[in-house]
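Just the one chain here, the form predicted on its own, laid out as C-alpha cells.
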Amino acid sequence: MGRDHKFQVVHSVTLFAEYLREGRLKLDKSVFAEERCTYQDPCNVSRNGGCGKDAREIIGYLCEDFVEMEPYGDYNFCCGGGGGAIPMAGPFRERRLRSGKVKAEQIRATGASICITPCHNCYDQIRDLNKEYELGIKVLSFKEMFEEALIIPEELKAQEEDEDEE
C-alpha cells in the first residue's frame, strides 16, 4: 500500500501455529481420531509463503493419523485450481479437472478420508476433483477443523451462558 505499518502481516497458518504453540488455542485431537488425514500444500501458502512447516505443526494438534502425499512440501504437485482457473467455465473447467488428475491420484494413494488445505482455490479444486474422480473424501480447512475441535475454557463457557441468560 506504499507505506509502512505498525504491525506485521502473517498468514493465518503461521498465526494458528503460533497460538497453538503458546497454548492460546487448544484443540481436542480426538475429534478427528477416526479419520486419516492428508494435506494439500498450496503453491502460495507452502512454496511461496513458506508455511509448510507451520501447517504440519497444526496438523499435529488435530490429527492422529496423518499421511503425506508423495511428493509433498515444496515438491508437492499443484492442484490445478490456481491462477484464476476456478471460476472459468466450459472448456477451462474440463482442462482444470484433467490437469488435476495427478492431484486426485496423489490423494487417493494416501488412503485419507480428509484432505486439509488452507487455500480457497485448492479447496474448491479438490472438492471438484473429489466429485470427478470419486475420491470419497471430505475437504476441510483448518478453520473448519478448529470449529469442531476447539476446546473452550470453562470461564468462557460460563461467560457465554451468562450472556445467553440476559
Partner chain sequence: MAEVTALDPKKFKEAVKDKSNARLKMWLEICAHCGLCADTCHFYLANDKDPEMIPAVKGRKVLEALRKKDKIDEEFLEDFYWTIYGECTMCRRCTMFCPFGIDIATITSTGRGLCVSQGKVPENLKKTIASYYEHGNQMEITQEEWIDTLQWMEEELQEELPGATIPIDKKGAKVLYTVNAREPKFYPMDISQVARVFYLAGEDWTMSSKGWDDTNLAMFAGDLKAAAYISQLVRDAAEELEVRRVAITE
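Rigid core (definition): largest C-alpha set, two forms, superposition within 1.5 Å. What you see is a predicted model, and the numbers here were worked out from it, not measured in a lab. Numbering follows the first chain given and starts at 1.
If you look for the form predicted in complex with its partner chain, you will not find it shown, but the lines that follow are about it.
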Next on the checklist: Please tell me which of L135, C43, V31, I114 lies within 4.5 Å of its partner chain in the predicted bound form, judged by heavy atoms.
Outcome noted: C43
Next on the checklist: Can you pick out, from R127, R36, R108, R56, the residue that has a heavy atom within 4.5 Å of its partner chain in the predicted bound form?
Outcome noted: R127
Next on the checklist: Under a 4.5 Å heavy atom criterion, is H120 part of the interface with its partner chain in the predicted bound form?
Outcome noted: yes
Checklist entry - Applying a 4.5 Å heavy atom distance criterion, does R98 contact its partner chain in the predicted bound form? => result yes
Item to check | Contacts with its partner chain in the predicted bound form - residues in 23-61 whose heavy atoms fall within 4.5 Å | outcome: R24, L25, C43, N44, R47, N48
Item to check | Per-residue C-alpha change between the shown form and the other one, P71, threshold 2 Å, rigid core fit | outcome: no
